[in-house]
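To begin, one chain is listed below as structure tokens, in the form predicted alone.
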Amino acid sequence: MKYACLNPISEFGLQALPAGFEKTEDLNEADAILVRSAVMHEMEFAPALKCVARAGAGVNNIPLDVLRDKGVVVFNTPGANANAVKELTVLALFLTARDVPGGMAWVRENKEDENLAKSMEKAKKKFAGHEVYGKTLGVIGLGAIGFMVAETAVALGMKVVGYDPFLPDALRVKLPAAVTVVDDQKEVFRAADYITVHVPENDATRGTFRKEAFAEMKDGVVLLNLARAGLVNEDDLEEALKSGKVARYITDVPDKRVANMPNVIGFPHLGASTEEAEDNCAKMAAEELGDFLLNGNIRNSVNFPAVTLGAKEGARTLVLFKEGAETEKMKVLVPGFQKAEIKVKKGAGAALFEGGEAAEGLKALDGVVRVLTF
């Protein structure tokens, strides 16, 4: 098996690849691609490509539908960088509560002052802030990152109000009792002194923070966005900052316009930029694509459902199909179909069978996109 890397990938992580996997610079012969932030939307994809593994959670840089229609499975690594992003979020929280950046800038500007110690006693009142203890943090998105942020905020003595329409009950019960989970994000907007967002950017979330949302918020609210730029409407953000409705906006994904707005603190996309996070993401991505290419198992795919049968002993067949495909006929065609897993998610399906003798017959079925044997 051959793999290609579109970005530098942690060597520690690549050690998790199965023995015998070979790196190639030729994308036309790669069975798998590992990627971090490289944009793939304009790429041409060779017939040899079977999977793409994103060493990170966000997949905005990958054409998911195009690859789904080609029968290429796309993986991501949810939770692998969650602690790194959580820690940066907590740092952002403190930077907005206390004007540390302003104070640091003052020291740099006055570092040649012979009476610096005396001067700063007069200057420091300009950088006075407040404590986060007792304040209310609103968390939009209680997945791996948001969950950890909520836990940490409770430990800091904050009140926490969270919103996540997809929060499973199993995760909900693990949240600290002090976290209030609401069914309408407007309740978060109205209650919070600080709001942090940890959701992917998609059609449902794009522009979540716009004029109507800002109108629901407290005057002087602080907004933290270490997720995706598109979650915030820039026109409405600029107006909210100028009016004071939003006291500060801190973002890990600034563009030129946002970086030049008043009361903005920007980071250069540092959320997952720790050695530990890069290692964790690379290792998880390598394990996912290795298990897929050896066994046909799909775990943490963003364009096909999960199907797993463990380590294979003999031949195995994976059928990738569109919703509505003739799954009953698949069972007839594949010997040993009793050992099978068939699932459909968001219009795409995957069927993993023990046995590999019926590939051609499966390809002929309506709705089948690709058949792979392992």
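From 1 onward, residues are counted along the sequence shown. This structure is a prediction, so every number in the text was calculated from the model and none was measured.
Omitted from view is the form predicted together with a small molecule, to which the following refers.
- Message: Quick check on residue 272: any heavy atom within 4.5 Å of the small molecule in the model of the complex?
- Response: Contact check for residue 272: yes, within 4.5 Å of the small molecule in the model of the complex.
- Item | residue 58: touches the small molecule in the model of the complex, heavy atom cutoff 4.5 angstroms | Yes, contact at 4.5 Å.
- Item | Touches the small molecule in the model of the complex: residue 81 (any heavy atom, 4.5 Å) | Yes, residue 81 lies within 4.5 Å of the small molecule in the model of the complex.
- With heavy atoms only and a cut-off of 4.5 Å, decide whether residue 316 touches the small molecule in the model of the complex. So residue 316 does not count as contacting the small molecule.
- Item | the small molecule: the contacting residue among 135, 210, 228, 218 in the model of the complex [heavy atom, 4.5 Å] | After the contact test, the surviving option is 228.
- Task: Choose one stretch from 304 to 312, 48 to 56, 323 to 331, 63 to 71: the one whose residues place a heavy atom within 4.5 angstroms of the small molecule in the model of the complex.
- Result: In the other structure, the partner sits against 48 to 56.
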